[in-house]
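Quick heads-up: it's one chain on its own, the form predicted alone, in structure tokens.
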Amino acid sequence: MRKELIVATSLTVTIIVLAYVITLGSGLGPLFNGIRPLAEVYLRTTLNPSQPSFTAMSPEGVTAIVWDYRGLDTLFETAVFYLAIIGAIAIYRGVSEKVRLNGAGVGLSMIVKVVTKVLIPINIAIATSIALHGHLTPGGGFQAGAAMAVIPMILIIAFSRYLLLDLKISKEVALAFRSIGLAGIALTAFVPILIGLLSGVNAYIMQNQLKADASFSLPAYLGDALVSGSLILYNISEYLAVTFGFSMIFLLLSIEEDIVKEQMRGDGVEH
């Protein structure tokens, strides 16, 4: 008990000191001396129809920066992230998800299971809303995918992984939807080039709205709804990729340790 108290006190003191140094102690430099010049550029141009050749047509500055102004950086960061997931999946290559036990009677109490069933639709609605409004309000595809990926993790904890297998949610299914998300990102990135080649106009990779020397532009509006061209497409695609990428990891990590060890050693396992 004494050891835990010392650790908790040390962490509390460390957090307070760091918070003071970073904020009131000017650890990040001057924070309240007006808007910096670069920030002014973004605030003036992220949603500015009067400058059609220099705007992302999105009121959400972070999404505009991530998928438009510095879109190639995000594309490579996304590739690195999913290569890391592939590496984790490779460790489990050859490990079967099949179970050798009856899933009946496993998981947490009935109260937890009922509460989980009530919360799951709310979670789905919130995560989907974050993805679809990521170009309008704070959030985006990654945040939405991370929120959505909580669902399989909660289901595994509350009901066990047997429920997901009964629902036909396997690593193969997760891999298929993850691949659809990644294909959506790649297709959105190359659509301007493809349309430019077919129509004979100049266009750039990952181009969203028109530029001074490239008249190609993805639609900023769908009817009366502001969709911000490529931004909503990137958010939806990354939503799928992140959701099912993490879900696949959770499924693999939930396989019983003894089954994994036996299969990795090459021992026969009866299912």
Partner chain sequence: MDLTYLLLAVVMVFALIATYLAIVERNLVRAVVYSAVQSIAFTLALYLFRAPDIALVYLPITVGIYPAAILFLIKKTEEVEQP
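Numbering follows the first chain given and starts at 1. These figures come from a predicted structure and were not determined experimentally.
Just so you know, the form predicted together with the partner chain exists too; it's not on screen, but the next bit is about it.
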| property | result |
| --- | --- |
| The partner chain in the predicted complex: contacting segment from 193-201, 143-151, 171-179, 106-114, heavy atom within 4.5 Å | 143-151 |
| The unique member of Leu155, Ala189, Ile130, Ile89 whose heavy atoms fall within 4.5 Å of the partner chain in the predicted complex | Ile130 |
| The single option of Ala214, Val62, Leu226, Val41 touching the partner chain in the predicted complex, heavy atom within 4.5 Å | Val62 |
| Ala79, Tyr82 and Leu222 all contacting the partner chain in the predicted complex, non-hydrogen atom within 4.5 Å | no |
| Proximity of Arg265 to the partner chain in the predicted complex, heavy atoms at 4.5 Å | no |
| Contact test in the predicted complex: Val17 vs the partner chain, heavy atoms, 4.5 Å | no |
| The partner chain contact at Gly139 in the predicted complex, heavy atom, 4.5 Å | yes |
| Touches the partner chain in the predicted complex: Leu253 (any heavy atom, 4.5 Å) | yes |
